[in-house]
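Take a look at this one chain, the form predicted on its own, written out in structure tokens.
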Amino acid sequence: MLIVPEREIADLMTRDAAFDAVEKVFAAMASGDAYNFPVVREAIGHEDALYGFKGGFDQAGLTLGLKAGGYWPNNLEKRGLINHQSTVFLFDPDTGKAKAMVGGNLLTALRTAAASSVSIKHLARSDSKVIGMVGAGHQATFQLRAALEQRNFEKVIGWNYHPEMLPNIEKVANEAGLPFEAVDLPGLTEADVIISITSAFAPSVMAEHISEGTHIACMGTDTKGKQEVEAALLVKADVFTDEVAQSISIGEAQHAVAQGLIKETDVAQLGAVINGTIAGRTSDDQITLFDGTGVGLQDLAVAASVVDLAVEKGIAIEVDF
């Protein structure tokens, strides 16, 4: 079995490579060449942690495996560790033998940012100039860096539950040569593209905060009960997702579906837009919403890419197993 430690990931996986891997796996999912296994996600009753498994099988790429991990909200304050912790395990689909173990923390950040970035490429207006960020934690910086590569943005605005964290995204904006402005929630109406990346269990973004023509990527809701945006927004928007089954059960769409505001058939796969089998944005005043629940196949795709690069560069560790 090969091991690629977390410390090696930064030198192996780039934003471009993550984007390419995620876009391809979304397309494979929509065409039926890859599928995700049911997600296990539970509060473990210790350290307020959420822990679970996401896995799947890509028949086209012959990639089989799972990611184990979750969210430990006290890590940063108590231990100086990031709150999201995960490891990816890959298996040989021909034999079932363990093939590789890969550090999943940076990969998770890169693949999550790649997913919203893919949605911006395929759903946002081409003339988008202002990007809004809801959330300013560790993951938000990855989201913003990736998103800025998709359109010629001229300004970044942001809101966070804890305003003292907004300098995190202001720094990214300034590095890109863009002005940053902290706004209240109604100020989000200025944005052409919005990324929400929080761990909230109550909505902060209301339907009235979103202007016509906006694309919003909701990237924080991946567990029953979590919610970043008002359910009524999903009625106003055309809703796309990575995996429909997850969107309506643990994603942002769970609330609108439970309230009878939309149906499962109102949620479309982003991969189908990528493949050209359905339309994405059809007008400049259309609101599009991407419900990024995070699927196991994303993790497997970027992890498999990292293993290949680690072997190529001679830095993968081989152990008997």
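C-alpha atoms forming the largest set that superposes within 1.5 Å between two forms make up the rigid core. Computed from a prediction, not measured in an experiment: that's the story for all the values here. Don't overthink the numbering: it's just position in the shown sequence, from 1.
Unshown form predicted in complex with ligand NAD; subsequent notes refer to it.
Remark: K226 counts among the residues lining ligand NAD in the model of the complex, judged by a heavy atom distance of 4.5 Å or less.
A residue is said to contact a partner when one of its heavy atoms sits within 4.5 Å of a partner heavy atom; K78 fails this definition for ligand NAD in the model of the complex, lying far away.
The closest heavy atom approach of D192 to ligand NAD in the model of the complex falls outside 4.5 Å.
In the model of the complex, K155 stays away from ligand NAD, with no heavy atom inside 4.5 Å. When ligand NAD is considered in the model of the complex, only one residue from T214, T241, S117, T198 comes within 4.5 Å through any heavy atom, namely T198. Exactly one of the stretches 183-191, 121-129, 89-97, 157-165 approaches ligand NAD in the model of the complex with heavy atoms within 4.5 Å, and it is 157-165. Residues of 279-295 placing a heavy atom within 4.5 Å of ligand NAD in the model of the complex, in sequence order: G292, T293, G294. Taking the rigid core as fixed, one finds a CA shift for Y71 of 2 Å or more between this form and the one not shown. A displacement of less than 2 angstroms separates the C-alpha positions of A30 between this form and the one not shown, with the rigid core held in common. Once both forms are fitted on their rigid core, the CA atom of L50 lies 2 Å or more apart between this form and the one not shown.
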